[in-house]
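A single chain comes next, written as C-alpha cells; it is the form predicted on its own.
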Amino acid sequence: MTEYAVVVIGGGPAGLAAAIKAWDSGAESVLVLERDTVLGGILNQCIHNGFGLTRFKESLTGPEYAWRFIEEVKKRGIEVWTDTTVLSIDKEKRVFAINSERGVFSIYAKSIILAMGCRERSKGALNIAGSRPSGLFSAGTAQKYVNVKGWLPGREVVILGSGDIGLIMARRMTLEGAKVRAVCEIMPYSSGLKRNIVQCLDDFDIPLYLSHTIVEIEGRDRVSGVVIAKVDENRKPIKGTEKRFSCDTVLFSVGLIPENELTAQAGIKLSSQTKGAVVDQNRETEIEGVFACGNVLHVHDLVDFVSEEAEIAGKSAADYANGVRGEKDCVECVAGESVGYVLPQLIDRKGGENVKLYFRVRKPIRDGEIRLESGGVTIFSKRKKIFTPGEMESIIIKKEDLAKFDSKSVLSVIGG
C-alpha cells in the first residue's frame, strides 16, 4: 500500500490551497486526488470576474484564480492524480479509489483533507406541479453549457432562486441574447450577495420577485411557461396572486449542499446546520488526522474565504503528519439568537492562536449586535449596521480569551 503524509481529496480551490499550505508547512509528501480531468473545480466554468478581490486585491475570473493555485502546485512538484474517484475512506486513514490507470487501489495517509466541494439542490426536492419537459436546468448546469460547451439552453428564461449562481446566470443569459423574464425568490430577501443583485439584475432591468415561487410548470415536450405566486409567512402560495410568464427554459438556483457522502460513510459527525463535518478551529473532524475545508464544510460566498480556510486545514494536516500535536480541551460553540450556524463548532481552549469564527444570520438585521457568551460571561461583542443571510460574517477571538470559555459558548446576533 502506498503511503503519503497528506492526501487531499478534491482539486478545486479548497483542495489546491490546502495542498500548497501542507507542502509549505513541511509535509514530506502531498497527493491531490481529483475526479475531473483537470484541476480547478467549479472555478473552470465561472468565467465572470470578481474573484480574488480580498486575497489578491484584483478582480480575476474563476479560471484565472484557479490558475494561480495550479501554477503553485506545479512549482512545488505536488503529486496530482486526475480522473480519479475516491470510493471511501476509513478511520485508519486509508483511502480507496479508482482510475483507469491503476484500477481500484488503496493509499494510506498520515492525514487526510476533505475538499470535495458542494452540489446543487435539484428540482426534484421542490414538488412543483407539472410534467418533466425539456428546458429545466440547474443554474450550475446551464452555466457549464454556456461557458464551457458554448451551448445556449434557451431563449426565454425564468429563474427560481436568487442564490449567487442564479443571479450570475441571469446576467450571463442576457449577455448571450436570451430574455430573462423574472427571478423568483421564496424568501422575503435575496440569498445572494448585494453586489450580484445590483450588477446582475438591477443593471439589466431584470425583475426580482421576493416572497414568490413557481407553482406550475407548463409544457409537455418543452417548457412553454410557468405560473408564479406570492407566498405567505409559512411559504405557502396565496391564491389569487398568480402570474404567468411565457418561457422555454427554467433555471433552478435553490441552494447548495456539501458533498459529504465520503464523510458520512467514514462515520464522521455532520452538523445539522451546515450539512458539513463538525470541526475545531484547526478544521479537524472527530477522527484524528482527518480535516475538512471549503464548501464541503460549509457553503461560502467568496472563494477567497475558501482559500483562507483551506490553508488552516493544510497547515494542521501537515503538523499532524509530522507528529506536532498537543492535548486538546474543546468546548462547544453553538448558534444562538438569529444565527443560522457558527463554525468551527468546537473551540480548543489550548489552541494557542487567535480563532476566527464564521457565521450566517437567519434573516436580515439592521443595527445588530454580535455577542459571544460563555458561562454568563461576554467574551466578544460588536455592533454592525446590517447583516444579511447571503453574506458570511466573521469575528476573531483573541488567543488570550480562550481560557474564558466554559463548557459551551453561544454566538448571537441581537437586533437593535
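Counting begins at 1, following the sequence as shown. Small disclaimer: the values here were computed from a predicted structure and weren't measured.
Unshown form predicted together with a small molecule; subsequent notes refer to it.
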> Does the trio R35, L43 and D301 actually contact the small molecule in the model of the complex, every residue with a heavy atom within 4.5 Å?
Replying inline: yes
Which of 50 to 58, 351 to 359, 376 to 384, 22 to 30 lies within 4.5 Å of the small molecule in the model of the complex, heavy atoms considered? The stretch 50 to 58
*With a 4.5 Å heavy atom cut-off, would you call A115 a contact of the small molecule in the model of the complex?*
yes
Is the gap between S122 and the small molecule in the model of the complex 4.5 Å or less for some heavy atom pair? no
Partner contact for N295 in the model of the complex: the small molecule, 4.5 angstroms, heavy atom:
yes
Contact of A313 with the small molecule in the model of the complex (heavy atom, 4.5 Å):
no
Note: exactly one of S111, T263, Q143, S162 sits with a heavy atom within 4.5 Å of the small molecule in the model of the complex, namely Q143
